[in-house]
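The chain below stands alone and is given in structure tokens; this is the form predicted on its own.
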Amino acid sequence: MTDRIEADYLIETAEDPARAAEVMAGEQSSGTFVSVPGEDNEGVRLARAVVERLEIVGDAERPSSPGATPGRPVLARATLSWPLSNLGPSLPNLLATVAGNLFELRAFSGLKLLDLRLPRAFGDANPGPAFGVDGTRRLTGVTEGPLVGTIIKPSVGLSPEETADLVRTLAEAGIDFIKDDELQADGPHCPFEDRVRAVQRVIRDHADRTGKRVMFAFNLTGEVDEMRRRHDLVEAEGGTLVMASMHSVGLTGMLALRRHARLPIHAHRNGWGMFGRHPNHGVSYVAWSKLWRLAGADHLHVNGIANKFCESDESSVASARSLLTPLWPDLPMLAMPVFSSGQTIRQAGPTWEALGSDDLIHAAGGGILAHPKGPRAGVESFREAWAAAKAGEPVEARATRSSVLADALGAYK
């Protein structure tokens, strides 16, 4: 690893791709649209971004966005690099460098940041996950298999007491993990403090009786001081996890929370579709999630196999693999993937086959709560489905010996 930052892009341009890439390099470092005094200064020349690689990969049928240079665009993969000395190991300034004004350049009708490779200095300067996979397993006592989880549904509208009643049902069903919906914040119908106290009473009581402490992700998204206070309340009440909507709080908000936090941080990626949905424009989750791992996220959502959204299975799996891939050999900064979005027992086998790991949270709302025999059977059916997957056994074969799995197969077509 050198002291240079590298970023891979898919570029879509009707101009000469080599010239377009040079325009991008100039815009994102020491250049501008006309020559200016001082360009020949040695320090300025050293600061210029370099086009390391360029490969034409195809043609686009039509421009992905308006306002670009007219003509039928070609697609190319480009790698740019910058000296670390341009910005230092600063995540906010890294974002401005690799994903700033370049998206607005007329040369491009489409441009997508695909991946990042960063100097080790970023690992030294930024906190990274405090708990990740191993810490999450330790706190939940789940030493093997995925954490089976769910989401409070209905997402909003329940009172603190009603939320706690549902948590009691889920805890008694054997669930490992529960999260607030990202829409559940601190409204007058369900104030954050009241919700934390009501839910944690249930969780503490269940742990006292059974020895199992359910992990609950309380959504503390807010301004920095609010998040710190909310974190401290969760900790004081015996909670083991907090949740923040990462695009709502931003990188600096996540960094501030992480530097304060003594609990793991569940980072919800709601809003990522604005950045990642278009195949030729935006930011790949593989690149985007590296910033959030460095900022301190312990868990990150990746959608899931056959999810209810627009993301392909290949994209979800690539996202999960990236979270379990070390950033540096001696400083892995691994985060736990959270598979969710329309998940049922039918996704266990394909998820295991595609990922080859059970270091994940498999969260299902209706996939557990809507089981014909209730949440306990829903949780048990998930564990049965994962046991079958890891044994290489078709889920239908396992269902001949498991009534809860057979009922789930009938319910979730």
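Being a predicted model, the structure only gives us computed values, none of them experimental. All residue numbers are counted from 1 along the displayed sequence.
The same protein also has a form predicted in complex with a further copy of the same chain, omitted here; what follows describes it.
Colleague: With a further copy of the same chain left out of view, which of L87, L139, L233, A130 would have a heavy atom within 4.5 Å of it in the model of the complex?
Modeller: The residue from L87, L139, L233, A130 that makes the contact is L87.
Colleague: Of L95, A318, A198, A173, which one comes within 4.5 Å of a further copy of the same chain in the model of the complex, counting heavy atoms only?
Modeller: Checking each option against a further copy of the same chain in the model of the complex, the one that comes within 4.5 Å is L95.
Colleague: Select, from the options 70-78, 200-208, 153-161, 318-326, the stretch whose residues sit within 4.5 angstroms of a further copy of the same chain in the model of the complex by heavy atom distance.
Modeller: Checking each option against the 4.5 Å cut-off leaves 153-161.
Colleague: V44, R106 and V249 - do all three of these have some heavy atom no more than 4.5 Å from a further copy of the same chain in the model of the complex?
Modeller: Per the other structure, all of V44, R106 and V249 touch a further copy of the same chain.
Colleague: Test of understanding: in the model of the complex, would K308 fall inside 4.5 Å of a further copy of the same chain by heavy atoms?
Modeller: Looking in the model of the complex, residue contacts with a further copy of the same chain include K308, since a heavy atom lies within 4.5 Å.
Colleague: Even though a further copy of the same chain is not shown here, does G58 get within 4.5 Å of it in the model of the complex, heavy atoms only?
Modeller: So G58 does not count as contacting a further copy of the same chain.
Colleague: Verify the contact flag for V283: yes if a non-hydrogen atom of it lies within 4.5 Å of a non-hydrogen atom of a further copy of the same chain in the model of the complex, no if not.
Modeller: So V283 counts as contacting a further copy of the same chain.
Colleague: Considering non-hydrogen atoms and a 4.5 Å limit, does a further copy of the same chain approach R213 in the model of the complex?
Modeller: No - in the model of the complex, heavy atoms of R213 and a further copy of the same chain never come within 4.5 Å of each other.
Colleague: Who in 274-293 is close to a further copy of the same chain in the model of the complex, meaning a heavy atom within 4.5 Å?
Modeller: The stretch 274-293, when checked against a further copy of the same chain in the model of the complex, contributes M274, F275, R277, H278, P279, H281, G282, V283 at the 4.5 Å heavy-atom cut-off.
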